[in-house]
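A single chain, nothing else alongside it, follows as structure tokens in the form predicted alone.
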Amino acid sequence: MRGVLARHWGALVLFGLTALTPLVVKDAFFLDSLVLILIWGALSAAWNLAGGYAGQVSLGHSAFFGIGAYSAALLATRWQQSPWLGMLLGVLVSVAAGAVIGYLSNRLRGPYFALSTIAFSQVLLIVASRWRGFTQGSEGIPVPFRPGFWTLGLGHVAWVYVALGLALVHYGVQVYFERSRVGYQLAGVREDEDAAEALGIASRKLRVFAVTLSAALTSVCGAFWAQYVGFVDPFYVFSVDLSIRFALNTIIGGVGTALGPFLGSILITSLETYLRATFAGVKTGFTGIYLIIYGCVLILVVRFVPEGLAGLAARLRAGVARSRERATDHAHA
């Protein structure tokens, strides 16, 4: 039990503070930021399953996000069905798409796999933006607010706990990948696929499994996001920029770590919100200056903390432990 607490103390602190925050903070803007941090963290965790643990760097993961968002939005607006049913539909479609894309693209390595996922997301963008009779085209779909848990018409406090539950599920799946036999096999495939296959590991099946599971979890987040934001825009939900955001959150937080995507989401979302509020006004004379500052900070983090924030925390913790050991040895001497 003590070992489990030691391994996950960061997550216990982070998620515990999140659960307590709505009890003491009533500011709508702060709670809104907290919900978005949790959703983006869960999305980045879903990307981490494929990009971090399996080594399949996808820059088209917004495709599955958009599928989930459109499934929930269309069922709610066209047929007045619950977004939970739309979420289930989105997961089924994303699993099928993820399995097909994962199988066909796994013959490709390196940048070619990333390019194939980008192509898939852009195909869906073209279809969603031009099929006006079904998706309302480039105008997007406004999602009506219908009060109730079944329709996900909730207030900010309730949304914090819904997003927290979503984040905990994604965190738990990552922990499973870190500690299970499947996770160890994926790590072997990621590091040296030829050596893993020589040992009898079915690398293609494992990678298809990782991409498919990642697609399903990404679709779930897309459905929740559509209901929370209340609008689905094809040029946003299928954009390459969104896929890059998933990857950046994970890279900055720590690739292949369970807590890393959430740490990256905290940094990037908080920084983006603060800089946009501070520098995006007309008074600055340059409305894009916050993007420059945002980019410079990201470059500095990647340059000087290449292992990510989770890796930095682990390194500092190891340094403190070594200092304590040396102090203990000197005391005994």
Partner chain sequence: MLTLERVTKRFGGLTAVREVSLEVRAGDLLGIIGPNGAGKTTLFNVIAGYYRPEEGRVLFDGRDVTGLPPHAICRQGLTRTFQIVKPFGNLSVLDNVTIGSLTKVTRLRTARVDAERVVETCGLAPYARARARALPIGLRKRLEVARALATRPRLLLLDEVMAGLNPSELAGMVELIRRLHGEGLTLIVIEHIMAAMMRLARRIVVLHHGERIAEGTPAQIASDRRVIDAYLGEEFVLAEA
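These numbers were taken from a predicted model, which means no experiment stands behind them. Positions refer to the first chain, counted from 1.
Keep in mind that the form predicted in complex with the partner chain is missing from the display, and what follows is about it.
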Notebook entry, point to check: If contact means any heavy atom within 4.5 Å, which of 191-199, 226-234, 158-166, 75-83 contacts the partner chain in the model of the complex?
Noted result: 191-199
Next item on the list: Select from the listed residues Phe145, Trp150, Tyr184, Phe134 the one whose heavy atoms reach within 4.5 Å of the partner chain in the model of the complex.
Entry: Tyr184
Checklist line | Contact flag, Ser138 vs the partner chain in the model of the complex, heavy atom cut 4.5 Å | finding: no
Check: Which residues within 59-82 place at least one heavy atom within 4.5 Å of the partner chain in the model of the complex?
Finding: none
